[in-house]
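There is one chain below, alone, in structure tokens, taken in the form predicted on its own.
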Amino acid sequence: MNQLHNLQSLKAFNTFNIECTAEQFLSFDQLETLQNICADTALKSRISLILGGGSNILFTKPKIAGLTLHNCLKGIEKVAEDEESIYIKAFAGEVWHDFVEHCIHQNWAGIENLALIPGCIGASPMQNIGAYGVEIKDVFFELEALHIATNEIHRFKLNDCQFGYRESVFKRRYKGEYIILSVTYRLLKNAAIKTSYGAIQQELDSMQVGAVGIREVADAVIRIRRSKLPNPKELGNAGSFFKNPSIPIQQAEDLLKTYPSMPQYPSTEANAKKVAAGWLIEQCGLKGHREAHCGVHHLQALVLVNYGEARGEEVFQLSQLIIDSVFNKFGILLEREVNIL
């Protein structure tokens, strides 16, 4: 920790379990270490990749040139509270699900629907992670990030982050310019339980739950996710590989005439409907499809998996086959959610 290594394998640092080598690699758990790197002009200029949990990344090349930094900053602390809310600061290297469990144990509400999402705290605002009717933007207060060029710590409030569907300013405008250090969330003392999205209520019913609190909601979400999503420790994957696309309302209505069972949802985009990418992939006959060492998961078509020795390029080619198939059948262009390197 905090020592520079040459030619470091990154296989253990990405949930796809893809082999890739970092030319230089350093895991840091102290802010001072990071600031020393950014104070060294020659070393700073070599920074090419910031890794957290590696849960939303696909390596398609055998080697990452330059310096790869692994963010291992840890810590969780209460920074403020008022009558309704409690403000919790978590450092970027904390495991997201562990943080969710910590908050549930303290009876701090707001992120129970986001249980069992892989990855670390630092990625949560970058991706605006979301599930079962909740997104990070709903509980976000502020974050601290180190500006690599100036070695200064900047604060970002909600509007500064420009959150969108699995999007933020850190994925586009400021990509590669900042290293997220910590995130402060505004959680609730009195829970506003959300069970209407997806199969949460159905799962709670099957669990024969009486009084529903945040523990019960999280347990239901965990059961649902485990029932249809592969464990990255057992089968390499990066969760949902594609975004659910938004399409013009007229196109959505025309498709319903041909495919009456096609799931459609409200979209945040104007004059648009959101459609289920997993359903589109299934209709192309690709659910469970396998190409050599990788494939489409047999229970969830949104998830691409590594069956053991897949190269990132193979997974990427499979994703392109899916994109082409869906476009040829429906005229809808899928967008990858996973970061491709």
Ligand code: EPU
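Remember, predicted model here, so these are calculated numbers, not experimental data. A residue's number is simply how far along the shown sequence it sits, counting from 1.
There is another form of the same protein, the form predicted together with this ligand; it is not shown, and what comes next is about it.
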Exercise: Pro248 in contact with this ligand in the model of the complex, heavy atom 4.5 Å: no
Touches this ligand in the model of the complex: Leu43 (any heavy atom, 4.5 Å): no
Contact test in the model of the complex: Glu282 vs this ligand, heavy atoms, 4.5 Å: yes
Exercise: Pro263 in contact with this ligand in the model of the complex, heavy atom 4.5 Å: yes
Interface residue in the model of the complex among Lys137, Lys171, Lys228, Lys74, criterion: non-hydrogen atom within 4.5 angstroms of this ligand: Lys228
Among the candidates Gly119, Gly130, Gly93, Gly110, the residue which, in the model of the complex, approaches this ligand to within 4.5 Å (heavy atoms): Gly130
Candidate stretches 22 to 30, 63 to 71, 309 to 317, 282 to 290, one within 4.5 Å of this ligand in the model of the complex by heavy atom: 282 to 290
Residues of 166 to 194 having any heavy atom within 4.5 Å of this ligand in the model of the complex, listed in sequence order: Arg166
